[in-house]
Every structure is written in structure tokens, then in C-alpha cells.
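The chain below stands alone and is given as C-alpha cells, in the form predicted alone.
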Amino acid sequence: MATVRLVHLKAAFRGWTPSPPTAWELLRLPNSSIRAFSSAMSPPSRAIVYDEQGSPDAVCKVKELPPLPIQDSDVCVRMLAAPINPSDINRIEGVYPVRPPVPAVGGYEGIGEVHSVGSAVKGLRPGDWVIPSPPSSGTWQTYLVKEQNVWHRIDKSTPMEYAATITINPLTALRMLEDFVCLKSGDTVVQNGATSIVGQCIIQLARVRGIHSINIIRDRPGADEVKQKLKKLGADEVFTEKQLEVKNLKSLLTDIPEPTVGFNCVGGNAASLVLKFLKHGGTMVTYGGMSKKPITVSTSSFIFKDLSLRGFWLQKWLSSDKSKECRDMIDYLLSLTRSGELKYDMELCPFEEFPTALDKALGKLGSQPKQVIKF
């Protein structure tokens, strides 16, 4: 069986007698096929591990993991940075539709530097910067061994924090702008959750294409400051939910056409506001539900406005053999970060301070920027 070689290697490393493979040993296998023994080994790795599903602050622990063999087609990567995404938290909680078996290492995207490569690896060498593309589980650790086809080399002039976070949120924004309605310069989109990373990316990617954006934010202290910040990114209009408690929302618009498509990541009343803005025949795309409240649609929205409701899940799109297309889009997005045309709020946190970063990501310390672990 494929796990035998790893079990015996661990036995030699730790000095104990091999026993039947555990779930953890199965997890640490770089692949599921039997390959020739390799004498090359990765360094030991420090990792954020959860042995069971549950609240991340209760089940996540820092653990030392033993070295792994580096097979002919493997690449050992020293991780540089990885974000804490809402989907990471959902996987740990056990509520995300697709998640690794436990025990597991957290994280699903990030940036690393090639440490060493197997004898059959071509096109990658030590020192290259790489990201897992499509995203791959287990990025919250100092060293990661996966086959070469997992890794995508990127331009090392890219700011590290953007390279670490480009694959999920910005790619979601790009795909939603391109996949549902044929938008052209002069068109308008509307969205709630505009301060999220996806929201900030939609504003900027729309601006690059000459597309207007109407943005809805929740009522909060300092809302005026938030509005100005989003307008600097390229937002045409920014409204709080309370401002939209009027009978005719479209009377608030001046020179902007009615939106063709809307993006919803909140649900509840915030989703209803997106629907009210849409023009006849418009489409609302839902990609999240932060309020955990359902979407309520009036009968007239379907009959008289002929609105369409769609859903988007990046994981499903990535699983449909989109590897080459995905990497081309990532290179495009990274070029925008290097030119300064795409930016969003993040906070780098040292690996040693992971518990604090996790508390911020969980909302325990109020509204915080995206937390990115720096190894």
C-alpha cells in the first residue's frame, strides 16, 4: 500500500516500531500512488493542524511535522505567506461542502519559494516563487511538498501579500464580472458587501473596463470614511443600507445607467436592495451569505422585471478542468497588483502570532483587514 514507505520513514526518524498507518499519516502523503523511494527529504515543518472539526480557536494547534520524502516529480516549497479566508474557517468548522479529512493542516492558498525539487522536475528551480493553482489544501505550514503540476511560478516582483491572496477572492470577482452578463464599457453593476476583498476587487476590475459600480455597505460608525475609501478605488456610488430606505431607489442615480447585474454576498435585506436596483431582465449573482439570512424575492421581480437569480462557487468552476485558464487569469490579476490598479486591505501577521490573527479573522476584535500569515 502507498502509505508503507512513509510509515517506515517515520519509524526510522523517530525510532519507533512501525504500526498500521494513522489518518495523519495518510494525510501527509504527497500522492496516492507508489513511486520509487527517494533519499531526498523535506525539512521538518511547523503547521497549524486541527484533529477534529469545530471552532477554529478551539481545535487549531501548532504542531511539528516530520520530514517528507521528495519524489522525482515533487517540489518542496518553503511557504512565505498564506491568508485566513472565511472558507478556511468554514472548512475547519466542518460546514464547507468540500473539506479535507481530519486531521488536516489549515489553509488553501498562499505563496512560497521553491526549496528543492525532485529529479524529474522541469521548469522550476530553488528560489522561484510559486503558488498552488488551482488552490490546494495545507498551506498553513512552513514547508509543503506537492507534485510539480500543483505549482504555478509567478513574477517575484509581485508584492508577497498579493501573491498569497490572489487565487480566491480576486479570481472570484473577475469570474463573476465575465461569466453571467456580457458587460461592456458604460454598463453598471451593483453589489452589497462592497468592503470585502471581493467587493473591492469588483470595484477596481469594473473601473479598468469602464464599468460603473453602485455599492452598498452596512450602517456603521465611520461610514463616510468608508465611502471615500471605496470611491478612491473607483466606486461611482456608495450607499449605506439605511440610505436606501426610500420608495424609488433609482431616483438616487444621476448619470449612471440602471445596473445589468448585481452581486450578493450578504443575503437578507441587503440582497433585496441589490434586486431593487437591477434593470428589467437583470441578473443577481449570489456568492456568499454573510448575514445567514435567506434571499426573499418579490413575485413582481420575477413576473414584471424578469429578473434572474444565479449562484457562483469558485471551487466548482476550478474543478471543471480550468487549470490553464485559471493561471492566465492569475497572471493578469497579479499584473494589476504590480501596476497599482488592483489593491485591497490586508494585514501581515507573524506565524508566531497566529492566535491573534485567527481572533481577528473570526471577528472577535471588531472589523479587521484580511489576515495574512507571514512564515
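The first residue of the shown sequence is 1; numbering continues from there. In this text the structure is predicted, and so the values were computed from the model without any measurement.
Quick note: we don't show the form predicted together with another copy of the chain, though the next part is all about it.
With another copy of the chain omitted here, the record of contacts in the predicted complex names 309-317 of 48-56, 309-317, 61-69, 335-343, defined by a heavy atom within 4.5 Å. With the partner omitted here, the residue from Gly289, Pro86, Gly234, Pro103 that has a non-hydrogen atom within 4.5 angstroms of another copy of the chain in the predicted complex is Gly289. The listed set Pro97, Gly210, Gly127, Pro221 contains one residue whose heavy atoms approach another copy of the chain in the predicted complex to within 4.5 Å, identified as Pro97. For Lys242, no non-hydrogen atom is located within 4.5 Å of another copy of the chain in the predicted complex, even though that partner is not displayed. In the predicted complex, none of the heavy atoms of Pro257 sits within 4.5 Å of a heavy atom of another copy of the chain. Another copy of the chain in the predicted complex comes within 4.5 Å of a heavy atom belonging to Lys293. For Val297, a non-hydrogen atom is located within 4.5 Å of another copy of the chain in the predicted complex, even though that partner is not displayed.
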